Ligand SMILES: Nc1nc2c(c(=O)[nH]1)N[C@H]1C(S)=C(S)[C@@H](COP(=O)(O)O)O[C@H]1N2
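Have a look below at one chain only, the form predicted on its own, in structure tokens format.
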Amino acid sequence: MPETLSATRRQLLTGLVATAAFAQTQETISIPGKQSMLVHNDRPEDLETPLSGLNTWITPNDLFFVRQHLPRPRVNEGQYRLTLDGKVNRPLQLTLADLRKLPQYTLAATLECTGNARGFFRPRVPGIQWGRGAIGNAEWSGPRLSDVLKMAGANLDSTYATFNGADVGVAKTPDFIRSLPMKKSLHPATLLALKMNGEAIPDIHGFPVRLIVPGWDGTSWVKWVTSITVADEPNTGFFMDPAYRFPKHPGAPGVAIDPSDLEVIEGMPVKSFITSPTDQESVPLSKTTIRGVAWAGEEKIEAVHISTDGGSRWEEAQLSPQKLAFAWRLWSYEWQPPKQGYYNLLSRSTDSAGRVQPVVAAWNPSGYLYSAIDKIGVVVEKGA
């Protein structure tokens, strides 16, 4: 057997074993404003949605995952101001009332933490060991960012808009600041959201204003936005460089990456998860519905295929009717197990750009953008 083929197979087996071995061991805990969540940290809050919370097209606010880098700020609505400066003709300070007077738009978009499913990488990498639940789909409402930039007479030929929020670091912890290319800033789907699923954005999710960058990693979705600066260069702070960067060229698992070979993460990959049944669950020897979600960054989901025999044969799943860029689709597959025993169930999605969910995720030392074909194991029993 050629060595390259042997190595590829070993890598595949390693990835599948890692996925099967990973378990969400945290207890689900109820905290104010949330249903039971998997708690990775409580201060600042890093809360994962249980798989049972991912089976609806819109994820309720009280089940939506939370990722915080810095302690959560408290923003007074009456005192809130959004500052626009830099390369603008009319520097502004806007109140919430000013933002509410602008045309309001509503958009369904999936928000996913850049490190979602980090716990499946092998070799393991440092960071929060998220399972599948650092993701959610919501309807976001507010003015277009482009309208707000135009109010200030922003130089639209500038290269970047930089966003800061009300959250601040403790001691020497750097401030969380992100820069967005002007092209994405002017996209009609990029919003300054005031509402989440029809309600004022909850404090824990960025009240009163959150940047919505559909199709891009969650790091770009700055919370508690208080300032926008138009410039020709991106911010050079920690959360732009070196954090949240991905290798330009694939590297071998476990091997360090040269920082000069990293670039800022933007659009998200095509991906799917199995949400029901759960890994190692016992299911009856009767028809069982396999369920899950699939999404593809800025693209639309075209198809999801399911294998119930470890990848030997694939069948097409039924998709929910929502076929939208930026938002996930639910999928389901009716499975009749042929006999008792242990089965490996796999899901694989395809998007409108022709991308297919890969067998193996591209390993990287930060554990970002895990996207491998999802896999769980189930035990089929007569009396289950």
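One-based numbering along the sequence shown. Computed from a predicted structure; not experimentally measured.
Keep in mind the form predicted in complex with the named molecule is missing from the figure; the text below concerns it.
Residue-level contacts in the predicted complex: of Val222, Ala161, Met268, Ala294, one residue has a heavy atom within 4.5 Å of the named molecule, and it is Val222. Though the named molecule is absent from this view, in the predicted complex it lies within 4.5 Å of a heavy atom of just one residue from Gly165, Pro253, Gly131, Pro234, which is Gly165. Annotated contact segment (heavy atom within 4.5 Å of the named molecule in the predicted complex): 200-208, selected among 87-95, 200-208, 276-284, 305-313. Residue contact with the named molecule in the predicted complex: Gly215 places no heavy atom within 4.5 Å of it. In the predicted complex, at least one heavy atom of His69 sits within 4.5 Å of the named molecule. In the predicted complex, Leu111 approaches the named molecule with a heavy atom inside 4.5 Å. Although the partner is absent from this view, Phe246 stays clear of the named molecule in the predicted complex, with no non-hydrogen atom inside 4.5 angstroms.
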